[in-house]
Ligand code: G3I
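Heads up, the chain below is alone and in the form predicted alone; it's given as C-alpha cells.
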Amino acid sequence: MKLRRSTTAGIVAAAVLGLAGIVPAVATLKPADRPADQSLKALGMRHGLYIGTAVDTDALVDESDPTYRTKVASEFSTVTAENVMKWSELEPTRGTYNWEPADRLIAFAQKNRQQVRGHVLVWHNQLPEWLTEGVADGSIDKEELRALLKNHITNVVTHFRGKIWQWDVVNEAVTDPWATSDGVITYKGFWAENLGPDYIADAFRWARAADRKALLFYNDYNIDAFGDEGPSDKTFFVYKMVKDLKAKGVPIDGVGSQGHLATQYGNYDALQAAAALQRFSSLGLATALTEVDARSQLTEQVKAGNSAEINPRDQASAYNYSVLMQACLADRHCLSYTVWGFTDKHSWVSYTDLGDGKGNEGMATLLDENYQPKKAYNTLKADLAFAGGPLVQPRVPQRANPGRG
C-alpha cells in the first residue's frame, strides 16, 4: 500500500522523532486498504503513534526461528531491549561492559527504520552481583555507590547517545499499597534504601548531561488510573512525585505506564485510563504505554484446551489491550504503545511466577506460540484503523527538557 503523506503531520512527527534521522508520516487509509491487511506500525502512523515491542535478543538471532525477526521488523515501529540494557547484562564484571547484544539490537532497529526505547538505567532488580554484594558486605559505601550510579548512567547514555528516542531513567521506584503494613505508598528498593529518594532527581540530571536530546521517562506499573488520591493511591503518589521533579527543574520529559494487566482482575476502563494519561500530560510531560500485556490463569481446563475456558480469557485480554490503546489515542501526548513481547513463544509471563505460586499464567501476548493472531491483535488493529477526529488527533511534539540548576 502507498501511504499519503500529510505535511502538517509530518512536521509534528519529525519534531518528536527526529533523533535517528527517521521522519515518519501520518498515514491516511483509503477505503480499499483493509485494516486486516495492514501492520500495526502502519495503522499507528495514521495517528503519528509508534507501536513497539520488547525484543528477546536471543530470539532475534535464532536462525531456526526467522519468523520472530520478520514480525519484529514488519509489525513494529519502535523496539525495547527486554534485558540486554539492564545493568547486570551490560556490566556483569565491574569496569567491563558488554555492549554487543544491545548494539546488535540498535543496528537491527536502524536497518528497519525503527526507534529505540532504552530500558533501563536505574532499577532495583537485575543488578550485578559485584554491586549488591559490595554494598551488603560494606566494601562499597554510600559515597562510592552514588559515584558508581552516576558513572553507570553517564557511560551507558553516552555510549548510546543519538540512538535512543526514550530512556526509562528510573523504573519502579515506589511501593504498592499491599506491600506495606499500613498500605501507605513510599519509596522502595535498593537505591532508596542506600541513597534515599534524592537519587531519582540525580539520575535524571546525570542522564540529561550525557544526552541533551533523548526523552527521559519515569516508568512504573499499576499507574493505569487514579484511585481516591489518598495515601494508598500509587498513581497519585507518582503524579505528585513527577510534579515535584518538574517544579524543581529536574529534566524529566515523560511518564511511562507499563500496562501489565491480568484478566482475572477488575481492571479499569478506557475513560479512567485516558484520564490518568491526560492528567500526567497536563504537567507538560509526554506519556507512553511501555510494557503492555494481559495475562490469564492457566487452569487445568485451559491447559486441556477447553474453549469455554479459553475464549473468555482471550476476549478479556483483547479488552485490556484495547482499553490502554484507546486511552493512549485519546491523549495526544502519548507517543508510543509498546507490548512486552508479542508472541507466547517468547513471553516472560510463560516462565515467571507472577503471584499464583506456580507460574501458571500465560496467554499474555498478541500472537500465540505459532505466531497466529489472537483477538487482542485484531482488536488493536481495529482501534487504530477506526479512530479519528475530532477526539483522536496526531501526536503533539515533545522536546527534551534541559532542566535547570
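Counting begins at 1, following the sequence as shown. No experiment lies behind these values; they were computed from the predicted model shown.
What follows is about the form predicted together with the named molecule, which we do not show.
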**Study point:** Stretch in contact, per heavy atom within 4.5 angstroms of the named molecule in the predicted bound form, of 314 to 322, 96 to 104, 277 to 285, 122 to 130
**Key:** 122 to 130
Point to revise | the named molecule: the contacting residue among Thr263, Thr175, Gln326, Asn171 in the predicted bound form [heavy atom, 4.5 Å] | key: Asn171
Review point. Heavy atom within 4.5 Å of the named molecule in the predicted bound form: which of His333, Arg205, Lys86, Lys234?
Key: Lys86
Practice item. Decide whether Tyr377 counts as a contact residue for the named molecule in the predicted bound form under a heavy atom distance cut-off of 4.5 Å. Key: no
Check your understanding: Counting only non-hydrogen atoms and a 4.5 angstroms cut-off, does Gln258 reach the named molecule in the predicted bound form?
Key -> yes
Point to revise | Asp253: touches the named molecule in the predicted bound form, heavy atom cutoff 4.5 angstroms | key: no
Practice item. Flag Asp211 as yes or no: does it have a non-hydrogen atom within 4.5 angstroms of any non-hydrogen atom of the named molecule in the predicted bound form? Key: no
